[in-house]
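Single chain ahead, by itself, as structure tokens, in the form predicted on its own.
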Amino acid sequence: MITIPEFVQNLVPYKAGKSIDELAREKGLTKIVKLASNENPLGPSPKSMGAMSSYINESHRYADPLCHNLVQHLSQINNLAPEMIFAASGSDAILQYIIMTCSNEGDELLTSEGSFIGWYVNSDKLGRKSVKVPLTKDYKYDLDSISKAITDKTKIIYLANPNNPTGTIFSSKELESFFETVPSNVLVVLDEAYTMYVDNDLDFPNGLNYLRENLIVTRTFSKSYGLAGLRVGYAFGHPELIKSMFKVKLSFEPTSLSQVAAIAAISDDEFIRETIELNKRSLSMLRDKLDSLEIKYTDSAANFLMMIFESEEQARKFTIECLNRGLILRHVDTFGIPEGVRINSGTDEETEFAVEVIEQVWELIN
């Protein structure tokens, strides 16, 4: 009999949100809108689709393990040396490589409750001890409490800004004050997956302005660029750290097609402009409806917001009843917020459908 390590036995497989096809099979619905996974409702960048179409005949070739062309493009637009840039199959993969590179089994990783589930999953499956500090009452990172929780055993601190699933942010001043408390031998991971959605008027810290030996900034093409299904993430950090991460990275990722799509997406400024405008319009419609129904929600700076209910039971019932009517949302109990339900922005038509369903369900359960 093969012996499975205890920490692996105790793992719970990641459960993604329900897909449109799955719900259609279960309920026989003809009208389904999915606003559960923070995807870009406009689809992929048109330039990416064109680039992939032109490259499809080269799909028999292995991908460039160093992602040279993609790294060069990221280097130019961010004015950083190529040696400071790392690309892999999505932010999830990069978080895994960071943990593998910078910690040992049993080391402590420090973060917040109510944050990105991918960090928790990667920490657990690699046998690291995860230390979590509660969110503030308004569902924000409590950087002061995280600072106080740092010990000699702390190896990595994970911060998401904006945070997923709450969409809340911490300011430049807060981040700068936090850095003053972090020992130089503790790595800070700053996850900026949703940075392109943040309003320019907000005091939001661009992680690239704070790069140092013990900071790595992660970003993705999944959200604003609409390439979630292609899995392309990237990171910026000290050259020695980047070099070490390549030692644990799977060789041929992202795929060659994904790299081509990401390179094309970088230059699609018009698509990004449309994406940001649609996001603002959709979230404004959602906020107006939630305000009229007196449903609480977070102060989100991303492409989603989190509705806040009185209890886990009410949040679950709300999610199920929306699902029964063809609206797929995400109950974020597995993220550590049992009273929360996340909804992302959609097209105008999708958002109109969403507000109709939300009103119907709210009247039903109250």
Ligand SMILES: Cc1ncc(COP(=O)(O)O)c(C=O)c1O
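None of these values were measured; they are calculated from a predicted model. Heads up: residue numbers just count along the shown sequence, starting at 1.
Below: the form predicted together with the named molecule, not depicted.
If contact means any heavy atom within 4.5 Å, which of 292-300, 264-272, 220-228, 242-250 contacts the named molecule in the predicted bound form? Contact-bearing stretch, as computed: 220-228.
4.5 Å heavy atom contact, Asp92 to the named molecule in the predicted bound form: Asp92: contacts the named molecule in the predicted bound form.
Proximity of Ser112 to the named molecule in the predicted bound form, heavy atoms at 4.5 Å: Heavy-atom contact with the named molecule at 4.5 Å: absent for Ser112.
Just to confirm, Leu286 within 4.5 Å of the named molecule in the predicted bound form by heavy atoms? Leu286 lies outside the contact set for the named molecule.
Could you tell me if Ala193 has a non-hydrogen atom within 4.5 Å of the named molecule in the predicted bound form? Ala193 belongs to the contact set for the named molecule.
Exactly one of Phe170, Phe236, Phe116, Tyr139 has a non-hydrogen atom within 4.5 Å of the named molecule in the predicted bound form; which residue is it? Of the listed residues, the single hit is Phe116.
Which residues within 139-176 place at least one heavy atom within 4.5 Å of the named molecule in the predicted bound form? Tyr158, Ala160, Asn164 sit within 4.5 Å of the partner.
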